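Presented below, as structure tokens, is a lone chain in the form predicted on its own.
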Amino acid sequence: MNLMRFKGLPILKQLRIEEQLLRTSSENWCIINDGTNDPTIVMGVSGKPAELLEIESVLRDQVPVIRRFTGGGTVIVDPGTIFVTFICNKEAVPDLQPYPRPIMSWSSSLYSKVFEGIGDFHLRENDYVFGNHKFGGNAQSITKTKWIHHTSFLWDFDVWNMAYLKLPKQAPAYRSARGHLDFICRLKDYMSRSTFIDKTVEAARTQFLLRSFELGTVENCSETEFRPSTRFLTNEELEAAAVAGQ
């Protein structure tokens, strides 16, 4: 497995790298990005802005909105978010069925090594939680030959940024209609940033032989023409969504 580590890589660039590797690479990848520079809202491929965002506030404050290539929910990311991604060929993990629930369970067992003896870690529905407080959100995409599982970990978060997100209509049952600040928690209250990243790499090493890779190597190695679907939504698209949602 190839390992790429970044610090502060813009989330749009990270997602486009991941999409390119999923579509064009025949190898397995782990990507760790320690924060992204600017607060950015990231929506799943089928997310509807009018249902998920406080669009008036988003437009007023010029918060960028990205529609990514994977499913899953909506999150606002910033320098306090740590991203971890696994992109694997379907045969990479022995006996793992390439479907959403088995992949989610596999990831939970891997992170159980990271959080062993720390908090009450477990997988609840599609979230990583300590007790009943979420600190990690997951999204996936599965193709004919590969799958991707990527996670946004809330090492820290800005309380004010949560106001840009509406309460989703479809929420996990364990959320129990709690507001954002009653539902989530900070990973930094349980583990240092560097310890989390180091332990994640150690956990990955228990299942894969890791080789460090540089971004330039990836950008130069693909001979397949690739056009990413991950992109920023325009102000016009957000304004139109707001009107349609009224």
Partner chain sequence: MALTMWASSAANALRISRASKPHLSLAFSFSRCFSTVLDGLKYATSHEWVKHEGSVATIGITDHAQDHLGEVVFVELPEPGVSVSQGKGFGAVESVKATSDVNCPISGEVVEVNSKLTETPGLINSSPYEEGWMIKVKPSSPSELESLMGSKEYTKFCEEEDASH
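Numbering follows the first chain given and starts at 1. Here the structure is a predicted model, which is why all the values come from computation and not from measurement.
Just so you know, the form predicted together with its partner chain exists too; it's not on screen, but the next bit is about it.
Colleague: Is there a heavy atom of Arg23 lying 4.5 Å or less from a heavy atom of its partner chain in the model of the complex?
Modeller: Yes, contact at 4.5 Å.
Colleague: Applying a 4.5 Å heavy atom distance criterion, does Pro102 contact its partner chain in the model of the complex?
Modeller: Residue-level check for Pro102: yes, a contact with its partner chain.
Colleague: Taking heavy atoms only, is Met162 within 4.5 angstroms of its partner chain in the model of the complex?
Modeller: The answer is no: Met162 has no heavy atom within 4.5 Å of its partner chain.
Colleague: Within a 4.5 Å heavy atom cut-off, is Phe69 in contact with its partner chain in the model of the complex?
Modeller: Yes.
Colleague: Its partner chain isn't shown here, but in the model of the complex, which of 184-192, 204-212, 40-48, 55-63 has heavy atoms within 4.5 Å of it?
Modeller: That would be 40-48.
Colleague: Exactly one of Ser109, Asn89, Thr143, Ser176 has a non-hydrogen atom within 4.5 Å of its partner chain in the model of the complex; which residue is it?
Modeller: Filtering the options by heavy-atom distance leaves Thr143.
Colleague: Is any part of 117-140 within 4.5 angstroms of its partner chain in the model of the complex by a non-hydrogen atom, and which residues would that be?
Modeller: Residues within 4.5 Å: Asn126, Asp127, Lys134, Asn138, Ala139, Gln140.
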